[in-house]
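Let's start with one chain on its own, the form predicted alone, as structure tokens.
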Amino acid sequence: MRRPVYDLTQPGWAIAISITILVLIGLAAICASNTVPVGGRNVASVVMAGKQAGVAVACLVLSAVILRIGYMRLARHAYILFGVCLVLLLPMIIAKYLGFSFGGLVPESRGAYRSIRLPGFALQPSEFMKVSYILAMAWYLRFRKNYRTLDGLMPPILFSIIPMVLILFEPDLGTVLLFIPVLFGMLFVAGARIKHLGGIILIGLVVAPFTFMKLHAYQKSRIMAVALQSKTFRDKIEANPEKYAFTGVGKREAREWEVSSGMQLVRSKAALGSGGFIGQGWGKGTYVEYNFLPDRHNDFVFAIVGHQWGLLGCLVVLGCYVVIVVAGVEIASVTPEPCGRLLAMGVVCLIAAQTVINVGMTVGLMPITGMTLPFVSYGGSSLLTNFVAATLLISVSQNRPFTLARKPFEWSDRGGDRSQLI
């Protein structure tokens, strides 16, 4: 049964309060630095924090509108939204491979084409694709049963490959990686057989080494960053570069890794470690006073949180994400309407995956993929996308329609009818 629009449920309030804390921490972290290098020039961090605050206010207004509309009305137009986002991805591909930048609207940044630059702001279509994909997948899976067979899994997988390939061409490997946990999480909730999902994962693991060999050298270097933190491993590459040529890391790069391609990760870990338990204090410390850590306002903002507020600040941030995930799982578990249930789980997987990848790369446990930290990192498109996703999650909790049919996704055998087994 639908509740009053702005009368949030208990998990809804938990999500809203956690997001508020994360946004405030993000604004404080962005504002703390003296200057932030952007587009070849130094921009005052207080200006960037002001812009981020303005986007946050706009997000609140948009969230109120989405709550008023309701997730189900948006889901009915999910395919249209998905198609629009696909079209918005095409200019990046055209700019990269045909050299046509649409009069400078699609700029190049570090060898990639990921945004459309409009007056006063830039749009990153791959960010909006994440939410439209979850909506479209939830709408597609809501009443189908054929995904409980191996053949039935192919349509949603192929459906997912289309945006993944377009985004990979930009290239934006980090965003592509997000689609995988979202897809498998939604298929699992929809009732797909565990052995089928496990088989697909196993195939992916077998194919992964061959895919790795096709990557560019800089991409291989980012993936190998986890292993390159070991001086012993770097010494082996330096002593026998031919044997480790498959890594894409040469003798010279292995020798100079800490001051070249690995510099960002080394300084990120140093910034985190220097915070101790309570940190250096807001606006204090080497890594906020000087430009020692690139991308400290977006991809590596978690390192700045640890530098300023120490382990205590990091635990507060991680605790907020735990609250969001737990509240999201609770919403999904008590929602009988199938589209809402799938939508809720897709959003939970999206936010959880982004957090794990970003924090993991910041501490050196995962490859550096250019992933922002939800609600904390600087970036209008990222903040807007995560706000929309979280608002849809809250909207699901506001709408508890009655159903006269059997509850969705409940079968005595998770694999479906025996007659459908392969």
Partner chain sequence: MFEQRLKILLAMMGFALAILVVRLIDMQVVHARMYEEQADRALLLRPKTLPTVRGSILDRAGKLLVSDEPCWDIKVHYGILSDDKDYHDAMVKRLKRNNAYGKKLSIEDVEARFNDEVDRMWEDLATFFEGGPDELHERARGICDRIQAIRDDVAKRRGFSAPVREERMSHAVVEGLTDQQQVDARAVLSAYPWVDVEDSTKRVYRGGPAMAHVLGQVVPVTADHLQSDIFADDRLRSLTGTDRIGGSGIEYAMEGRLRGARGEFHGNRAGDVLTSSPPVPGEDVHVTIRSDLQTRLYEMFGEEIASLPYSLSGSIVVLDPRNRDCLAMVSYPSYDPQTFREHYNELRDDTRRNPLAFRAVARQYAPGSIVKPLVCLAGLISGKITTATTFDCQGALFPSKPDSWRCWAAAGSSARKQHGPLVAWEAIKYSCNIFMYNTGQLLGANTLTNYFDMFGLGKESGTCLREEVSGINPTANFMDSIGHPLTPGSARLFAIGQAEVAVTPIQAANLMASYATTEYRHVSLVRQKADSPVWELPGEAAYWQVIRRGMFGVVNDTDGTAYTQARIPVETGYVLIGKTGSAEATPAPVSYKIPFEDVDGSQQVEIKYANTKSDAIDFFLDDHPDATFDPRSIDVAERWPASPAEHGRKHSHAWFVAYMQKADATGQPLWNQTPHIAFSVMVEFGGSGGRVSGAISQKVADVLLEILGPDLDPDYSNAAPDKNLVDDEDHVADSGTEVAP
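Positions refer to the first chain, counted from 1. Since the model is a prediction, treat every value here as computed from it, not as a measurement.
The same protein also has a form predicted together with the partner chain, omitted here; what follows describes it.
Of the residues given (283, 273, 155, 241), 273 alone sits with a heavy atom within 4.5 Å of the partner chain in the predicted complex.
A heavy atom within 4.5 Å of the partner chain in the predicted complex is found for exactly one of 183, 135, 345, 141: 345. The candidate spot formed by 49, 116 and 145 lies out of contact with the partner chain in the predicted complex, as no residue has a heavy atom within 4.5 Å of it. Note on the interface: of 170-178, 204-212, 86-94, 348-356, the segment with non-hydrogen atoms within 4.5 angstroms of the partner chain in the predicted complex is 348-356. Remark: residue 76 does not count among the residues lining the partner chain in the predicted complex, judged by a heavy atom distance of 4.5 Å or less. In the predicted complex, residue 236 stays away from the partner chain, with no heavy atom inside 4.5 Å. The shortest heavy atom separation between residue 122 and the partner chain in the predicted complex exceeds 4.5 Å. In the predicted complex, the partner chain sits within 4.5 Å of a heavy atom belonging to residue 360.
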